[in-house]
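One chain comes next, on its own, written as structure tokens: the form predicted on its own.
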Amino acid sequence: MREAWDAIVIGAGLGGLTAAAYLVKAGLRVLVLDRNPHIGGTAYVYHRKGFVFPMGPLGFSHLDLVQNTLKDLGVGEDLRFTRVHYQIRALGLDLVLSLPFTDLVKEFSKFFPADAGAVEQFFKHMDDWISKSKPDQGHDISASDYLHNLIKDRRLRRILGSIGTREPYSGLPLLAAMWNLMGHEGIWFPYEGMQAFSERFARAAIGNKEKRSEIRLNQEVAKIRVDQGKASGVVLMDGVQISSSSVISNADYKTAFLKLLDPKTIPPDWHEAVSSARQTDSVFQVCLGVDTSKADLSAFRKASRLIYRRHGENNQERESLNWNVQEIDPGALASQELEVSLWGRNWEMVSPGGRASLVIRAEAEYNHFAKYRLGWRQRSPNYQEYKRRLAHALIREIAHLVPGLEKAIVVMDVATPLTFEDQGGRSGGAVAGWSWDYENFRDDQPKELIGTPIKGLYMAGYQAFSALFMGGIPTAIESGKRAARAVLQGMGPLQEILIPGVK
């Protein structure tokens, strides 16, 4: 007899778990399937020699949305949070960025007196976008063009336009959303650790007396079944077929549409839109378990997240890397913008007495590393040695911030875009959904991408909105709520293609 459920959720990430929890709350029988041995996707942790490291997010924003959702599902008890702060240590500046806008105006005006009036105008415009009042500038201008006309100092244009050291790349509404997360909403960290969200949503989904739901790990979906234009279940890698009247894919769009669906079941224009849509880049990540008695961590006194970039000769930064070469020069990678995090500094599980977990991240392109991929979690022989060389270059660079770091390392773990693809199911290792570049996203509000052209098939997760205006974790949680609502309301197939970048 073929197994049957009311709904199947593909992927036990935060979006999928949230959707499952709400469907179970509404009385449906729900099956969650994930190919990994753990829940949470990249919103989880892993262990190395007694240290705990992140698989993905280092924090989250929109605290009220997260807390209210957990409470609504009955799993929000006794969950405490601490505010995470960001500091820029680059371009000749040493400045905390996660401050109220009024404080940022004062601080930036001290460093850039010639642009003091322009800085005040900039943050006024950011507030206008955030409050949804009518801004002086429309969304039909890029952040780069806007700042070029407003700000004289090139360093300041970079900081305001990217909240870092990059040239501005997005539109104004998305830039305002990012400053809103940084200055108003704040970035937060749960004392229980980032895995607490996944564990609590999983408890909400399976903690019912009727046993109406189930989470099965190490169960990979090979195909989404579609009969006469309607989703009817899934086929597992071992050939087992499971039926359901609705399917929610917590896998991203490219995985769902290009790998799990038969091309014959997808309208050609949808297939082309998903295939050509651009995503954000990935990251190269180095996680370090550190003996704090041997390293000076005073650089993190004001903030636990540092945006760092080395100054070259004449205070000029090296240009962007050419990722098309066979191997990146390790020193060139180390000269790029780096995010250095003393991760979970108040979380005893991460940093018990005398130890700390450091995370170093640099932007990286998936295609450069793709040549080392032989299959899921399979790499060519020279992959390990290459990524270690890159990692050691970043460590040597960060030793400028953390004296004694190299001798204090107890354990090192290195992840590339291939890791984020395999461990988190993120196509191309993309860490922030659809492309944020102005040429690909010009809307003043994110569009909901829950619906699909196939009846009974819905999307959840970080790509279920056209942009991460709220940040990754709250976006995934909100997508799960809406996907569950779509199932319960029987939302029909979607005709209009809203994927970013589609003309």
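Since this is a predicted model, take the numbers as computed values, not measurements. One rule holds for the numbers: they count along the sequence shown, beginning at 1.
The following text describes the form predicted together with a small molecule, which does not appear among the structures shown.
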**Prompt:** Just to confirm, residue 35 within 4.5 Å of the small molecule in the predicted complex by heavy atoms?
**Reply:** yes
**Message:** Residue-level contact is defined here as any heavy atom of the residue lying within 4.5 Å of the small molecule in the predicted complex; does residue 12 satisfy this criterion?
**Reply:** yes
**Asked** Does the small molecule come within 4.5 Å of any heavy atom of residue 472 in the predicted complex?
**Response** yes
**Message:** Although the partner isn't part of this model, could you tell me whether residue 58 comes within 4.5 Å of the small molecule in the predicted complex, counting any heavy atom of the residue?
**Reply:** yes
**Asked** Taking 85, 164 and 289 together, does each of them reach the small molecule in the predicted complex with some heavy atom inside 4.5 Å?
**Response** no
**Asked** Looking at 168, 233, 173, 424, which has any heavy atom no more than 4.5 Å from the small molecule in the predicted complex?
**Response** 424
**Request:** Could you spot which one of 406, 329, 220, 272 gets a heavy atom to within 4.5 Å of the small molecule in the predicted complex?
**Result:** 220
**Fill in**
Among 416-424, 117-125, 380-388, 289-297, the stretch whose residues bring a heavy atom within 4.5 Å of the small molecule in the predicted complex is 416-424
